[in-house]
Ligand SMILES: Nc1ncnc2c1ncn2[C@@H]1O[C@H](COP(=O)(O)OP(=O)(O)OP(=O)(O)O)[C@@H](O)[C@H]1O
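Have a look below at one chain only, the form predicted alone, in structure tokens format.
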């Protein structure tokens, strides 16, 4: 097969079984060369299985893995243009930072001068030149992770696989390292494939991403597209904070799709999805787009109006979530930026109206 210089990774019908358990089912995926790609999903969904299949640490039960157009499905890790950064730092405790970074080069039996030159350049790149002679136990978590990154990148492979690389770090350091990883990938220009269950982490680093759950690839797209215009209900439920309604299509016409919830009707654009009257569907709207209408305020025709019963306000620092109850007993959230003052007092149990733009609702067939 001819090499495709524009595609770093292509998997076709990729499956992995462990006895009767299907860890991955018929995944098709393409990742562009030089892209920072995130595999996002809940724990146990199949993300790490896919990453290990790409690295050659496990073999597929079915399907193909092509790296730069070459079928590597049966090749071991050392015959693939990949290197891997693991969740645990996995540094050699008896080696210095420089020795850890150069370990793979020594295994390749490269000349000492070349090893020293490449290790020095890599320590500069990951910001550890001043710590070359330090032992791992004397490093912070972020520094240890940079050593592991340097050890993988110094091998000069085309594809870097990162398995929950920031999971062991505290929240603030994780945010800082997200930006460092993104900038590092832009500098080296190779393909990064990053597994995480943390959506903020994925959206910070990724050019494109895939949602994986229950062994299936649910949806792919840019972070913005998956957040703002999810096609699948699972995506809407997993990314961001969406209110999701379930109902049945009661009409399809030039004005869009009408969905009957039983206690209210929603009118929205089909957004290219083929629906017919009688279909069971879901509709989502992001919580930050939902407004609590002040008494006597009228929303325009472009807004969907919903009656609800007010519950409580939950102060979260940057945002405040207002919780209300719909006529069917389900909760609906309206999340607003906290302005530094207490929200207008609303008594629990008060009748309220909520509004949001019809154009921002999303229809989901599954």
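In this text the structure is predicted, and so the values were computed from the model without any measurement. Positions refer to the first chain, counted from 1.
Another form exists, predicted in complex with the ligand; not displayed. Remarks below refer to it.
S.K.: Go through 48, 61, 64, 325 and name the one with a heavy atom inside 4.5 Å of the ligand in the predicted complex.
M.R.: It is 48 that has a heavy atom within 4.5 Å of the partner.
S.K.: Can you pick the stretch from 329-337, 65-73, 35-43, 309-317 whose heavy atoms fall within 4.5 Å of the ligand in the predicted complex?
M.R.: Looking at the partner contacts, the answer comes out as 35-43.
S.K.: Flag residue 80 as yes or no: does it have a non-hydrogen atom within 4.5 angstroms of any non-hydrogen atom of the ligand in the predicted complex?
M.R.: Contact with the ligand, no.
S.K.: Decide whether residue 21 counts as a contact residue for the ligand in the predicted complex under a heavy atom distance cut-off of 4.5 Å.
M.R.: Residue 21: contacts the ligand in the predicted complex.
S.K.: Is residue 197 a contact residue for the ligand in the predicted complex, using a 4.5 Å heavy atom cut-off?
M.R.: Yes, residue 197 lies within 4.5 Å of the ligand in the predicted complex.
S.K.: At 4.5 Å between heavy atoms, is residue 164 in contact with the ligand in the predicted complex?
M.R.: Taking the distances in the predicted complex, the answer for residue 164 is yes, it comes within 4.5 Å of the ligand.
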